[in-house]
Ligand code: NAP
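Only one chain comes next, encoded as structure tokens, the form predicted alone.
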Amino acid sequence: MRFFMPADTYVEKNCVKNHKEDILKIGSRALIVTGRSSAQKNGSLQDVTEVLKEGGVPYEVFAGVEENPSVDTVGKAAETGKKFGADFVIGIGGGSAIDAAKAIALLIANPEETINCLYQPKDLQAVPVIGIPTTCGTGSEATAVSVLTRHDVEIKKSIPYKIFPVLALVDGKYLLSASQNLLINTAVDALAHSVESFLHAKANEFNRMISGYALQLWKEEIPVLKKEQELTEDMAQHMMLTATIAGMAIAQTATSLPHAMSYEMTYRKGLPHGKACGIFLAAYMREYARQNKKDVDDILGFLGMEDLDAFEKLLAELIGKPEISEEELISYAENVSKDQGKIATYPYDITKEAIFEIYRASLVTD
């Protein structure tokens, strides 16, 4: 067994201001990477720039990261960082911004390389990255993974480089301005991370301890996600903690089939990432339970769910059940079945027919 978690992680109110000195000692010129507007609206960008100004650290802002960031966007941001002379990168936002920041940091550290290197494993290092999440799902601040959209092959895919942030600053206040849809979709992503890490070929006592705790925390979020309770500052902090812990779990194992199956839905159908992962969870757990019902029962116990029917009903209430055509089902199942890396994350033998049935159960309404 092994547990590896090199990101120096703080989860607390006013986290950025509290750890000003930790930020300032990382580098002398910063590239800040964000989405188009959320970092301005929730106050996270202002907190970071104030700290940098107070410390006399010059910075440049690249505010053009789209949802499911593309390799091309990463290349443009890296060029901005190189011209500015950045020696560290601060990713502020959801998984898109922080995942992009990791890949950007790799390109900045290796100016002789082009974006083609992102999917060509080499002995390359990245400049330091700081991860500041503003959504409650990705966990990217606690993982080494960077998932990018490759338009050349029409799919989302992780780059082969492992780039942990050196510092993760997690503050629930940035979540308070989020829409209900954003809360749901990103929280469901954290749920998927917890489930997939627990039901993984690499699962061991360490990651299951973390996954189990994340699932217990997630249970307490359900009333807010169902709009039975208001989102308070304390619950916002709780939801951010859940996401970071779930990220720590997948940092040990990686994700599994629901994430692999979701990539087709995000690329082809434009579904938000967390929602796309969530729609496959119940059917995936049913398939897993055919081999190992105890593991699935353990997850349901952590969540306070009576059975898989109750779990499926909750997810349907939160994220719905989009439909696709029979032709699309066959195509998506074929593509996932060919991804031997993701198939290997499932601890038992699984057929193409079983993958097809997970798609069908998740997306076809009888």
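Only a predicted model underlies this, so the values are computations on that prediction, with no experimental measurement involved. Numbers for residues come from their place in the sequence shown, where the first is 1.
A second form of this protein, the form predicted in complex with this ligand, is not displayed here; the remarks below concern that form.
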* To do: Scan Ser211, Thr134, Thr242, Ser256 and let me know which has any heavy atom within 4.5 Å of this ligand in the predicted complex.
  => Thr134
* Since exactly one of Val145, Val296, Leu118, Leu167 fits, which has a heavy atom within 4.5 Å of this ligand in the predicted complex? -> Val145
* Is there a heavy atom of Lys156 no more than 4.5 Å from a heavy atom of this ligand in the predicted complex? -> yes
* Asked: Taking heavy atoms and a 4.5 Å cut-off, does Gln46 contact this ligand in the predicted complex?
  -> no
* Answer for Gly81 alone: is it within 4.5 Å of this ligand in the predicted complex, judged on heavy atom distances? => no
* Give a yes or no for Gly278: in the predicted complex, does one of its heavy atoms lie within 4.5 Å of a heavy atom belonging to this ligand? => no
* Asked: Thinking of Glu67, Leu175 and Thr186 as one candidate spot, does this ligand come within 4.5 Å of a heavy atom in every one of them in the predicted complex?
  -> yes
* **Answer range among 223-231, 95-103, 123-131, 196-204 for contact with this ligand, defined in the predicted complex as heavy atoms within 4.5 Å** => 95-103
* Hey, which residues along 255-279 are within 4.5 angstroms of this ligand in the predicted complex, non-hydrogen atoms only? -> His259, Tyr263, His273
